[in-house]
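Shown below, as structure tokens, is a lone chain in the form predicted on its own; questions about how it binds or moves come after it.
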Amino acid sequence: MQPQKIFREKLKGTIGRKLLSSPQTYKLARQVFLKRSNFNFDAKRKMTSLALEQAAEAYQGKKPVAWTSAFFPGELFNLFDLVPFAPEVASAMAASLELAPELLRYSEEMGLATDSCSFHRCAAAGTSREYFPLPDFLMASSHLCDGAPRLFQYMARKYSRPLYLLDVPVTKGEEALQYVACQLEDIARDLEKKTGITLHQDKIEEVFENSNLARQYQEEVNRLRQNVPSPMGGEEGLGYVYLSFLGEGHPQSPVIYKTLMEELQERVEKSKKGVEDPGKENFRLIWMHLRPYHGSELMSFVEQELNMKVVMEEMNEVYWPPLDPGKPFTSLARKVLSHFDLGPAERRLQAIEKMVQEFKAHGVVHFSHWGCRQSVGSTLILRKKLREKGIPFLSLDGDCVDASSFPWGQARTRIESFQEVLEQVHE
């Protein structure tokens, strides 16, 4: 039996919450489960080890725990040696362990709106049910996700914890840059008071070097994936989104990306020599947003049964310039404001068109997660504009956490129809 299945069985019953909230569970998993699990890449093993280490630290309570959300610059909590915890990641884990149905039902009893994001409803319920660790700090950004700031505001009131909400304007330019930089500096100064840690230049340089090295290796990973056939698919690729949530500035992130880069280089070389068969690529796809984390067959059906390989994911695009340790807050502000999904939909469209061209993709799939308004809201524009350029586009309605909101039969039919469209366009 696979370790995940064993763990899932152990979580059933009254002992489940104690197991999930015990640091010893994650320490044991690092020692035993990592050795017994099968990984396609050693980089994935190293990243899983990091995730288990961070989870153990979060439950251990020896260091302050900082809840963080997607797109908040994670380098900040590494500057203050805070233990990061991402509720979206925890909810994805809950879905994979079949705990999400219980937590989503409980969220309704708590009075949380069912039309809001399931990631955040699951996180709120999981904390209330003592599955997830309480935060010492809450750090959210207003851009690209409207659910996380609402969840964090709720958590701050309920548990009397300090909230740092980064207000990000949709406009670019010097005024916006300084506005965000000043906020980041204010947050850092307040963290100095609350943690007792004085921020020194050598720490900034260390964290920024980790971030820049990881960025450099991630760019190379993306370039290697442009090979035809691609050395890695989307189900594997989407796993590394973890590092964009909890690995920014961490010393293990460049190690993981460097390992992945070297493994992909080896695969590409073996493929060119005919030593290794990377599998069929009937079509190459760009994947937008995330994927289901419950027991869905979606990714394996697309990539293994239909041989439509996801060669790049929107969430893995390196969109920001290298960080400058000499201007830390301005540099982090520039990173925040560089995201292509911030502002008019044309910016996101241009980014996707660039990916299609660079990765020689035949089509684009957007997994439209229920409750993720800022991502789903632009799908009509994207479909219209991409189709005008002859790029087939599929918006696939579903839910990353709530399996009951993802009718697999309907999704399968739509994917098969999309395959037929690709065949007609590229015959």
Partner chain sequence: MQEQFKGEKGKKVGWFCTYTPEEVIRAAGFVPYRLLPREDSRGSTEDILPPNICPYVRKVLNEIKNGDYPGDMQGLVIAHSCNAMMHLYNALREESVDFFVYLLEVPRKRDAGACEFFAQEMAHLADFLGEQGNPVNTKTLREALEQYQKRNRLIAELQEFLPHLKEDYPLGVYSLAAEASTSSPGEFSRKACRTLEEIKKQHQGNLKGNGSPVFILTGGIPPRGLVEILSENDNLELYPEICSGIRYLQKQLPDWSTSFTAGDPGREPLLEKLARSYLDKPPCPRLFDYNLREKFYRRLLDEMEVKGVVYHDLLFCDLGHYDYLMLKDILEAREIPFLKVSTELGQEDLGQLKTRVEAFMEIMS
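Residue numbers count along the first chain shown, from 1. None of these values were measured; they are calculated from a predicted model.
One more form of this protein exists, namely the form predicted together with its partner chain; it is left out here, but the text below deals with it.
**Student:** Using a 4.5 Å heavy atom cut-off, are E53, K62 and V65 all in contact with its partner chain in the model of the complex?
**Tutor:** No residue of the spot touches its partner chain in the model of the complex.
**Student:** Given that its partner chain is not shown alongside this chain, does K273 nevertheless sit within 4.5 Å of it in the model of the complex, heavy atom to heavy atom?
**Tutor:** No.
**Student:** Since only the chain is shown here, I'm wondering whether G147 would be in contact with its partner chain in the model of the complex (any heavy atom pair within 4.5 Å).
**Tutor:** Yes, contact at 4.5 Å.
**Student:** With the partner left out here, check for me: in the model of the complex, does some heavy atom of Q153 sit within 4.5 Å of its partner chain?
**Tutor:** Yes, Q153 is a contact residue.
**Student:** Using a 4.5 angstroms cut-off on non-hydrogen atoms, would K35 count as touching its partner chain in the model of the complex?
**Tutor:** Judged by the heavy-atom cut-off of 4.5 Å, K35 is well away from its partner chain in the model of the complex.
**Student:** Can you tell me which of 276-284, 194-202, 219-227, 339-347 lies within 4.5 Å of its partner chain in the model of the complex, counting heavy atoms only?
**Tutor:** It is the stretch 339-347.
**Student:** Identify which of A92, L166, A181, L238 has a heavy atom within 4.5 Å of its partner chain in the model of the complex; exactly one of them does.
**Tutor:** That would be L166.
**Student:** In the model of the complex, which of the listed residues (R373, K360, R45, R30) lies with a heavy atom within 4.5 Å of its partner chain?
**Tutor:** Contact residue from the list: R373.
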